[in-house]
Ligand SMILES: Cc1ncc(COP(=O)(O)O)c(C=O)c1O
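A single chain, nothing else alongside it, follows as structure tokens in the form predicted alone.
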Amino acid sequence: MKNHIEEDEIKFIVKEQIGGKLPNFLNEEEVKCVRNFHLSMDEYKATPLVALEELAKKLGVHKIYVKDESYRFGLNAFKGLGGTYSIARLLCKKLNIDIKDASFEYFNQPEIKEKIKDMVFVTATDGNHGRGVAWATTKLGCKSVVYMPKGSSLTRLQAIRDAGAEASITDFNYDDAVRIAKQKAEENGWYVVQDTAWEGYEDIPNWITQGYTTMADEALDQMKLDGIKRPTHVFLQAGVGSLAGGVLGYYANVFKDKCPITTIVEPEKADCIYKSALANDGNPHFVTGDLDTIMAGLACGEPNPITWKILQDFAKAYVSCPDYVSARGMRVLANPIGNDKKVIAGESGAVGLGFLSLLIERETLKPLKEKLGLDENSVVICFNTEGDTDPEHYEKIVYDGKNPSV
């Protein structure tokens, strides 16, 4: 059974029960393998887990943590985690070796580079994923081609080109850009590196999803150093749902029947996970059109069917929200209270924290707050998945007030 409520342009659904078959590909052994591979990279360093103590006091909860992925690999976003791991798995398959026997440097051996130098990897992206793929393939001496949806940031386009890819902005939305990448791969014998699945294309999206778990695993280790055994609440933003499904699927495996209460947050113009939950028929449902939102990294209309199943089973609530929620989160993080640390969060990275602040402060959202059990004992974590990947746009939202405001 679900409760469906629309208030203040924010729509949400709450499930009475959660649970289902645990996703085995996100179990602790698999995640250990992923993190060990990332540890083999010279650029690897755990990103900060920022404790916002003053904000937690203001909002009346015990702890608020923000996992700050703007520090990841110098790419200003988390996507390199999935790109590097999935490409490594693809190379292992080509070279007939086990990922457990490989490292990032293994692929840089002259005799190995000679075997892989003609491989071309292709993807569609709003920016962050494409930059991660370009960065990884360039380091390995391979080539990459990146297609971006219409309206994409020229700054993000240039960042992808600077990372070594052949990149262009198409006249289509994100989901159609994915189809272009798939078509070009079939025509040219390229390798698609995409974080959404379709029939016959499941391994690579699963490897990308696994790659994202490194940040979720790091966060648990960092909480333990702060005396916290587990988060009680997790707020996860969703595009196709691979990030959200990866983090939630891993936490479900770790904590079993004590899985953190998880809320999935999306932009209202691209709320395919929310729409899928609303339909309540077990199937993923699509959103079409321009998918126009400032949260470019979440502007996806077709859920990853594999991670949708995880979100369907283990998420407690699904939220569809206007752009001002993300803008609010960006400003809250950019203007910390007291001794709290400033966090530079981009449009897609800030929406979870933005929604959390509104959830606690708005009377109209009180029913959801109560159903989620948020109180003075709650330990909350949000994932800032990108920094100011479009600095000019970031400045306008945070300091100039020229974009959606609270």
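What you are looking at is a predicted structure, and each value in this text was computed from that prediction instead of being measured. For every residue, the number given is its place in the sequence shown, counted from 1.
Only in words, not in the display: the form predicted in complex with the ligand, which the text now covers.
Participant: Looking at 333, 240, 193, 252, which is the one with a non-hydrogen atom within 4.5 Å of the ligand in the model of the complex?
Facilitator: For this set of options, the contacting one is 240.
Participant: Which residue, 274, 78, 235, 85, is the contact with the ligand in the model of the complex, using a 4.5 Å heavy atom cutoff?
Facilitator: The residue in contact is 78.
Participant: Could you tell me which of 318 to 326, 120 to 128, 221 to 229, 182 to 190 sits within 4.5 Å of the ligand in the model of the complex, going by non-hydrogen atoms?
Facilitator: Looking at the other structure, the answer is 120 to 128.
Participant: Would the ligand in the model of the complex be within 4.5 angstroms of a non-hydrogen atom of every residue among 212, 348 and 385?
Facilitator: Every residue of the candidate spot has a heavy atom within 4.5 Å of the ligand in the model of the complex.
Participant: Is residue 132 close enough to the ligand in the model of the complex to count, meaning some heavy atom within 4.5 Å?
Facilitator: It does not: once the ligand is placed as it appears in the model of the complex, residue 132 has no heavy atom within 4.5 Å of it.
Participant: Given that the partner is absent here, does residue 136 sit within 4.5 Å of the ligand in the model of the complex, heavy atoms only?
Facilitator: No - in the model of the complex, heavy atoms of residue 136 and the ligand never come within 4.5 Å of each other.
Participant: In the model of the complex, does residue 247 come within 4.5 Å of the ligand, counting heavy atoms only?
Facilitator: No, residue 247 is distant from the partner.
Participant: Is residue 297 one of the residues lying within 4.5 Å of the ligand in the model of the complex, judged by heavy atom distances?
Facilitator: The answer is yes: residue 297 has a heavy atom within 4.5 Å of the ligand.
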